[in-house]
Ligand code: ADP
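Form predicted on its own, single chain, as structure tokens, below.
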Amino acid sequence: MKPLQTRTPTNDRATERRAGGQVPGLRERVVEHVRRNHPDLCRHWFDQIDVVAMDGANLTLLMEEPVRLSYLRRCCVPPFTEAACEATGRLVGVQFVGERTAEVAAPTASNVQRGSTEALFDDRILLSPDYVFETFVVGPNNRLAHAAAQAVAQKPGRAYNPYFVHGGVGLGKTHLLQAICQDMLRRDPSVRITYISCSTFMDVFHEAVRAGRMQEFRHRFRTADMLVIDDIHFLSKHEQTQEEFFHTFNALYQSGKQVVLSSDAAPSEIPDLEERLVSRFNCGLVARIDRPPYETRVAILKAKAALHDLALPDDVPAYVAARVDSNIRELEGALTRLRGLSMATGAPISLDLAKQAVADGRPVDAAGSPVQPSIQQIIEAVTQYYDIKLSDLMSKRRHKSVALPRQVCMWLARKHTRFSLEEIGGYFGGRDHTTVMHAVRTVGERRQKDIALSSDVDRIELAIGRRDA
């Protein structure tokens, strides 16, 4: 940051009076500074931010779109403050406002009455401005899911109810769910939407039971105009929560309210899910999202780059899409590494830089493609790390000392290989796909809460990389 410049009071007052308190060119200088120094936060719609006023030491910026306003308030106040100080040459505070008042609140999912007691959970909808229909790349792998999602947003409760979308990790399910919410909120800002993850739903339910606040819980979820739950497969094996959700679903469905659900698996493939819930989930539209084909992956990379105002030579998305074929998150990760390498080295984005970003420190073959570990290499790394016998890992033993390493193996195999759930289960004593699904879910959940386990898995992944070398 440049040294702060000293300005005379007379010049300051004259500057603030200009154009109704606006400084000519100030918005452009602020946005350009943010784009140059914080490219990961930048979005193409930053050009739509307007300067409302420059009053003393306060810069007020306007963004009328509620979800974008929420994003700016959550993530962008410090970098915009830094940019404003740089652009004006003095200490300046920044605030973002909506079209009504300077205290416009982030959109809420419900108008539930709050008493003196603390709410069961924060009911603000934290939506990403990136997850709208306009930025969703449609291909043969997701065409039905996309078309149905648009129909649900236009005719909630009438088009497809419930709307159930399923597919692997990182394929765009959450994008569609949030796009439905944002489209409905644009059409009717007063609509009451409850958007929540299944794990949070279960946590809130158990807290309501413990605190004796089930009436509040039921009012909260059964009076919404639309209930959206991400990762509904987490209901597996939670009988009490399934019972409550069954009645919540019925209350909404019978009232003509929309229910939207996402899952890693189709309703009939979710282990230990009550048959009556499977039946209700299947009574609407069940749409599957598959891995995107090559042409769609190229289009996704171009769309993600445009979102961040990142210029890509044509051969870069073609190369990355050919080497990364697992899911959209992996494509985004490659794009992030590419941008980071370009900034760190000062080199323009090129095919050579893309090859380095895709490799990301992993061994590559003659064509520059990262070498994927085999399941056998994963098993060897896990058995060595946990100091257990291969025969125990493959056995039917369920002791924690064996069960956890086995689950870690399955999680790593699902992440680092292209084998299906059934194929992975076959490597571990002929276990079925539901066992593998449970293992993948268990390790994924525990990694979020158990620092020691997360560290163990990271070390094993490094060991797999060394074995591949």
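Just count from 1 along the sequence shown to find any residue number. Because the structure is a prediction, the values reported are computed rather than measured.
Another form exists, predicted together with adenosine-5'-diphosphate (ADP); not displayed. Remarks below refer to it.
Colleague: When you measure heavy atoms, are 157, 244 and 281 every one within 4.5 angstroms of adenosine-5'-diphosphate (ADP) in the predicted bound form?
Modeller: No, the whole trio is out of contact, none within 4.5 Å by any heavy atom.
Colleague: With a 4.5 Å heavy atom cut-off, would you call residue 168 a contact of adenosine-5'-diphosphate (ADP) in the predicted bound form?
Modeller: Residue 168 belongs to the contact set for adenosine-5'-diphosphate (ADP).
Colleague: Residue-level contact is defined here as any heavy atom of the residue lying within 4.5 Å of adenosine-5'-diphosphate (ADP) in the predicted bound form; does residue 329 satisfy this criterion?
Modeller: Yes - in the predicted bound form, heavy atoms of residue 329 and adenosine-5'-diphosphate (ADP) come within 4.5 Å of each other.
Colleague: Check residue 131 for me: does it contact adenosine-5'-diphosphate (ADP) in the predicted bound form (non-hydrogen atoms, 4.5 angstroms)?
Modeller: Yes - in the predicted bound form, heavy atoms of residue 131 and adenosine-5'-diphosphate (ADP) come within 4.5 Å of each other.
Colleague: Answer yes if any heavy atom of residue 258 is within 4.5 Å of a heavy atom of adenosine-5'-diphosphate (ADP) in the predicted bound form; otherwise answer no.
Modeller: No, residue 258 stays farther than 4.5 Å from adenosine-5'-diphosphate (ADP) in the predicted bound form.
Colleague: Could you tell me which of 379-387, 197-205, 133-141, 349-357 sits within 4.5 Å of adenosine-5'-diphosphate (ADP) in the predicted bound form, going by non-hydrogen atoms?
Modeller: Of the options, only 133-141 has residues within 4.5 Å of the partner.
Colleague: Answer with one of 334, 181, 300, 76: the residue that has a non-hydrogen atom within 4.5 Å of adenosine-5'-diphosphate (ADP) in the predicted bound form.
Modeller: Looking at the other structure, the residue within range turns out to be 300.
Colleague: Considering non-hydrogen atoms and a 4.5 Å limit, which listed residue (174, 95, 374, 236) is close to adenosine-5'-diphosphate (ADP) in the predicted bound form?
Modeller: By the 4.5 Å criterion, the partner-contacting residue is 174.
Colleague: Given that the CA-CA distance for residue 418 and residue 329 shifts by 3 Å or more in the predicted bound form, does it become closer or farther?
Modeller: Those two alpha carbons end up closer in the predicted bound form.
Colleague: Compared with this form, is the residue 286-residue 418 Cα separation smaller or larger in the predicted bound form, the difference being 3 Å or more?
Modeller: Result: farther.
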